[in-house]
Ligand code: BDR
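Form predicted alone, single chain, as structure tokens, below.
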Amino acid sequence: MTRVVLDCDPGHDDAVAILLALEHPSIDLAAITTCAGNQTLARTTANALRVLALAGRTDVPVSAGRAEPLVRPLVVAADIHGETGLDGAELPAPLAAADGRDGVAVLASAGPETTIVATGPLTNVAAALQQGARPRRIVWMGGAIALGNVTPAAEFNAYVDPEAAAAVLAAGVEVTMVPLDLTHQLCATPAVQARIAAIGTPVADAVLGLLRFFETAYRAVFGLPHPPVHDPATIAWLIAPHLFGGDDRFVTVETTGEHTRGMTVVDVYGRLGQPPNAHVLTRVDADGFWDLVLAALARHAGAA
């Protein structure tokens, strides 16, 4: 089993990542920590607790981390995720309160046997590394080789806290980066949504509602017909790395550019002469990915 601490900002696709991590037997989800990103910290923390309640789980502690990026004002994604951060489904009330521990401290105490999976801005992870955290690896959904999604240059998680992303990539810890170039291959098409609807459980029905809201938002904001489901790719890669392909690259983050704040500069051709500091995923078997996710959703009994 892979011991995971999931640092997230739920978020529609974060919710699917949580459900996948909860149900797959190869993942030991030891804790969830929350950061501000898709919505404020209070809302992302409440959303993590509500997703656990949907799954009928009270055994995974949720700890809130930083409420603001390292040096910048917070930017949220209400245009994509709604005012709650999880618009589109009626989720149950939390079954438990948030754990009293600080989320950064939880990440900082993650030992060398732990993989930190980060599906939001890297604020908490950067702070934990500053406090001496040395996890086995960090798997981050963030960045892009090509086009961004909050500006032409920058992906949202990198844009919200570029200083944190730059610090994590420079920390000397093993990083796997799951960029938009990969996740845009994983869209919730009508065929995928039909398969989720056919499961017919409260968990699957809630996920379907979330994805349909996500789809409406992506059409309105980006003109895309179907929503890419970014964050579960991190967990799927840990479960089934054979479904993915990528390359070791040097990656740095632009923190000062007028038009390029948060741009992840991926040195595909080795022009900067720096050794690789990240394994950047670019290829995926989308059918295999969705088989994995739907099998996990089908196993969820949900709340009693």
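Numbers for residues come from their place in the sequence shown, where the first is 1. On a predicted model such as this, the values are computed, not experimentally measured, just so you know.
Same protein, other form: the form predicted together with the ligand, not shown, and the subject of what follows.
Proximity to the ligand in the predicted complex, defined as a heavy atom within 4.5 Å, singles out one entry of L210, V104, A164, M141, which is M141.
Checked against the ligand in the predicted complex, the candidates V175, L180, A153, A89 yield a single residue with a heavy atom inside 4.5 Å, and that residue is L180.
Using a 4.5 angstroms limit between non-hydrogen atoms, N124 is distant from the ligand in the predicted complex. The ligand in the predicted complex comes within 4.5 Å of a heavy atom belonging to N38. A residue is said to contact a partner when one of its heavy atoms sits within 4.5 Å of a partner heavy atom; T115 fails this definition for the ligand in the predicted complex, lying far away. You can rule out all but one of 154-162, 127-135, 197-205, 94-102: in the predicted complex, only 154-162 has residues with a heavy atom within 4.5 Å of the ligand.
Taken together, the three residues T33, R66 and S109 all stay farther than 4.5 Å from the ligand in the predicted complex, as judged by their closest heavy atom. Contacts with the ligand in the predicted complex, taken as any heavy atom within 4.5 Å, map within 63-88 to H81 alone.
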